[in-house]
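Have a look below at one chain only, the form predicted alone, in structure tokens format.
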């Protein structure tokens, strides 16, 4: 590759939330557009990760394409040759390298993964898949196949990034230099800027983040929600009985969450929103402002999404997959030679 690689992606299952949109999709698109002059941007849909936990498989193919369309509706330029948009499962080297790396990974390493502990805790043993257990190995393959140096990850994924570094170094030390080792977490934060952005919380329980896997969905605003229905969710958001609008996440998490949501929707700083609304006493009036902003945002976004050209999206996916197949294949071949599968 002629340019260093930045790699990022977001899982394809379930409808995404406004938290995913402002916290993941928009930063991805902005990074892709601003850094593609200096870097190759690998923006992939990790569809093999999508069923590490139970899903409706009859919906998966459509959800994969829907994810690609979401990127375009959010502003991803399809005509930029240095931005690759591709499906993980369409490049078989991801699966093949994962098996090789599995054989250099310890059970204890995977058992200690916090994400596995958290996600498997809600399932019984028969429903906890081997895929959920070892998906950090697949994530390592996703990274190492393309010699990716920079991978923007949230706090919940830093452990997996460090594992990708560990397995690459272990493999290289045992069998000779095969993989580029991605930059450590500290260097990643220095490169991307440690995320201090606004965090959208659940409307019903503002002490937890807004999650696309929430069972009730009463406190979650999905990008596919009917706009007026989403506005009603905001009007029913949990607040408090202090009757004073103030940004105080510890003592007033509900109101603080609504202030953050409004800042994101209006494209202004949190301080600007605070300057306008702090000290007011009518929660109902303030909720109406936020509800109207949510309804307006969803109406506009869904119109842009409906206008996305599926033919152009599929063409971009296929072009990217064709271009990246030989690159991933070369890395896989190096690993196969190192372990003795190829001469």
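These numbers were taken from a predicted model, which means no experiment stands behind them. Positions refer to the first chain, counted from 1.
There is another form of the same protein, the form predicted together with a small molecule; it is not shown, and what comes next is about it.
Note on the partner interface in the predicted complex: the residue among 72, 181, 270, 153 having a heavy atom within 4.5 angstroms of the small molecule is 153.
A heavy atom within 4.5 Å of the small molecule in the predicted complex is found for one listed residue only; from 35, 66, 274, 49, this is 49. Using a 4.5 angstroms heavy atom cutoff to the small molecule in the predicted complex, none of 98, 146 and 336 count as contacting. Partner contacts here mean any heavy atom within 4.5 Å of the small molecule in the predicted complex, and among 171 to 179, 244 to 252, 75 to 83, 133 to 141 they occur only in 133 to 141.
Residue contact check for residue 157: one or more of its heavy atoms lie within 4.5 Å of the small molecule in the predicted complex.
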